[in-house]
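A single chain, nothing else alongside it, follows as structure tokens in the form predicted on its own.
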Amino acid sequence: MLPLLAPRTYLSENAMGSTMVGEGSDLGPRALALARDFGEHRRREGGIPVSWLSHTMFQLGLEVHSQPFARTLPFPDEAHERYLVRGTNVFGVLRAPRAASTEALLLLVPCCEGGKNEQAVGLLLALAGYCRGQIYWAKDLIFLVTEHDLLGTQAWLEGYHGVNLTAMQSGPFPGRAGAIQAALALELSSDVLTSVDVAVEGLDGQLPNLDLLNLFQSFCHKNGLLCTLQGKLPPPEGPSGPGYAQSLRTLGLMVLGQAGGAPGGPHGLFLRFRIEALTLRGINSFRQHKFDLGALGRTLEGMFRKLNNLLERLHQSYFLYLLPSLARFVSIGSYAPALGLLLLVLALRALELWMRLSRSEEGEGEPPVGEARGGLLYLVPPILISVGAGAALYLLPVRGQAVATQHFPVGEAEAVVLALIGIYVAGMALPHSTHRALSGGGQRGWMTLKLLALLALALLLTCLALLNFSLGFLLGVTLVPPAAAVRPGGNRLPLALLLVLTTPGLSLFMAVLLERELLEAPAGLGEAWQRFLGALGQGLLQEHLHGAHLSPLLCLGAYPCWLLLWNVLFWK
């Protein structure tokens, strides 16, 4: 990217220079031995070995606790083949010898079904044993092993903070440490590494403080680790076409991932609780230069030692940014004006309609009684039906799955997705059909309806810009042009095609295709359709399991606004 738009990253905290601590650990052999023991007990018990983990952590000198939890999903999760989930989280606390238990740091290893992440558990235990022998810790250290990926992490966070946001069923929380200042989630797939990929996107597009990412990058450089973002290597320095193209691909992947609202890893659930967090994924590819677990262990040790020296939460660097690479960032001051220009288009069109309505009232004096009343009364049915269609799209698919499975030969997950598509398509015909039956309303009727639609869309995009900028920007790019151009009369076919192509559902399908192109793994229409159906199901599950905002915002916000514009186009 251009240096003016994407300056180099830098550490804002003076106490976080990577040269101010020295890492003395060599955890590779110990981590591999513990990983093999964990894998053997895991295969023997058919799940996470709670007793072995608790005993090992206790031998390492930690204060050990476990937390059982259970969660019944609203409908089966076909991606992970689960419906009723039961599991146990195990965590050990290393109390700070130099301070009271008021603050803490956390290392998380998520365990899912299969033999994945055994090396990460071994490295966690080896690092816990090493840290137990040091006396410089001023913050508690929490070493957490969760079961069932994000569900276990969600259960642990709710139990630790004493809240229940997602109807999670869990036992009493046995012990706590201090307020968690930062967290790292670790995922490894092999005994050796060629690179470490970092995930930053959190739930609903939240991002950690940029200083935490800069700290990880500085320690990777210090220990000779190759770090990547979105699976992409850093682009070559200097102005070059391939470098700019790679930066744009990485930036596009981050925008799409942030707009999707799904967490990029277990760390994404911590951001809701004001805990700065990252997910680190060890990659073993075909590159020749490889690293052992000892190099990654020294990186984790150095990061925890630097975070241990902080006297306050990370706050001096950016919370709102985009990353074309790990070495450069785009601040909110550079990309926020783009959405501001889109909102300006809506404001100018709304002002134009308001002035035309005002002039028509002044010029006509006292308009005919039927026209005046019709212009107001005929707004009620399209508005109510558009809002009602959005509410039905949000409520009925999950709540009506039992009825669908009784009358159609489909499973519950398929019934939810098919009901979602059916209600979406049916809602496109309701406002138009209702207005054809009522007829009338006049010129001022559609102008007033469009004015309300523009104001509603502007309000929605403004709120989204504060919650999830990437989602607000993508919706603005797709919805603002048809919103500004739509009007009844004349040749309606071009505007109708434009509205159909920019409907939120089709925009999601196009986003799936674009993501595969940016990943340099293009998908055909058949594969893209399957991924689109999977994205619909996962979006509903994210809303019920973790409280994600994408599904309600699209169903109750973007879809009714689009239906109002659709009704304006076919106004009689």
Partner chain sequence: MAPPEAAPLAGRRKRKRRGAARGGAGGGMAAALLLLLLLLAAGPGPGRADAGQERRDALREELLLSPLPTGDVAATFQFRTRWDADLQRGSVSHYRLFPKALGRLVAALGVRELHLALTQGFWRTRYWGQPPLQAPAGAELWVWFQPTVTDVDKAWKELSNILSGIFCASLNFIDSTNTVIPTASFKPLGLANGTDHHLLRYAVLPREVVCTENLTPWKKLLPCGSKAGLAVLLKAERLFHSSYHSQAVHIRPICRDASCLAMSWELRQTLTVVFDFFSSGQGKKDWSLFKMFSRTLTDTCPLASQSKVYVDISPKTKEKELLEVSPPPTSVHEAVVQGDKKTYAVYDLLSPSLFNTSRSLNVQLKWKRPQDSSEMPIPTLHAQRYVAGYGLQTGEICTLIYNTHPYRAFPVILLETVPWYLRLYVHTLTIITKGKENKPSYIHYQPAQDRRRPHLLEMLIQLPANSVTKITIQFERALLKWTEYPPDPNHGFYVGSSVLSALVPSVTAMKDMDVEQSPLFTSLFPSSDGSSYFVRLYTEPLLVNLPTPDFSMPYNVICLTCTVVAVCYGSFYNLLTRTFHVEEPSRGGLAKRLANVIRKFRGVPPL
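Positions refer to the first chain, counted from 1. What you are looking at is a predicted structure, and each value in this text was computed from that prediction instead of being measured.
Absent from the display: the form predicted together with its partner chain. The rest refers to it.
Given that the partner is absent here, does H315 sit within 4.5 Å of its partner chain in the model of the complex, heavy atoms only?
Contact check for H315: yes, within 4.5 Å of its partner chain in the model of the complex.
Considering only heavy atoms, tell me if F58 and its partner chain come within 4.5 Å of each other in the model of the complex.
Although its partner chain is absent here, F58 would touch it in the model of the complex, with heavy atoms inside 4.5 Å.
In the model of the complex, F408 touching its partner chain (heavy atom, 4.5 Å):
Output for F408 is no: heavy atoms all beyond 4.5 Å of its partner chain.
Heavy atoms within 4.5 Å of its partner chain in the model of the complex: does T102 have any?
Yes, T102 lies within 4.5 Å of its partner chain in the model of the complex.
Candidate stretches 61-69, 522-530, 535-543, 22-30 - the one whose heavy atoms come within 4.5 Å of its partner chain in the model of the complex:
Comparing against its partner chain in the model of the complex, the contact stretch is 61-69.
Using heavy atoms only and a 4.5 Å cut-off, determine which of A96, L420, L339, V196 is in contact with its partner chain in the model of the complex.
Partner contact (heavy atom, 4.5 Å) among the options: A96.
Among the candidates G490, G133, P494, P242, the residue which, in the model of the complex, approaches its partner chain to within 4.5 Å (heavy atoms):
Looking at the other structure, the residue within range turns out to be G133.
Can you name the residues of 276-294 that have a non-hydrogen atom within 4.5 angstroms of its partner chain in the model of the complex?
Nothing in this stretch is in contact.
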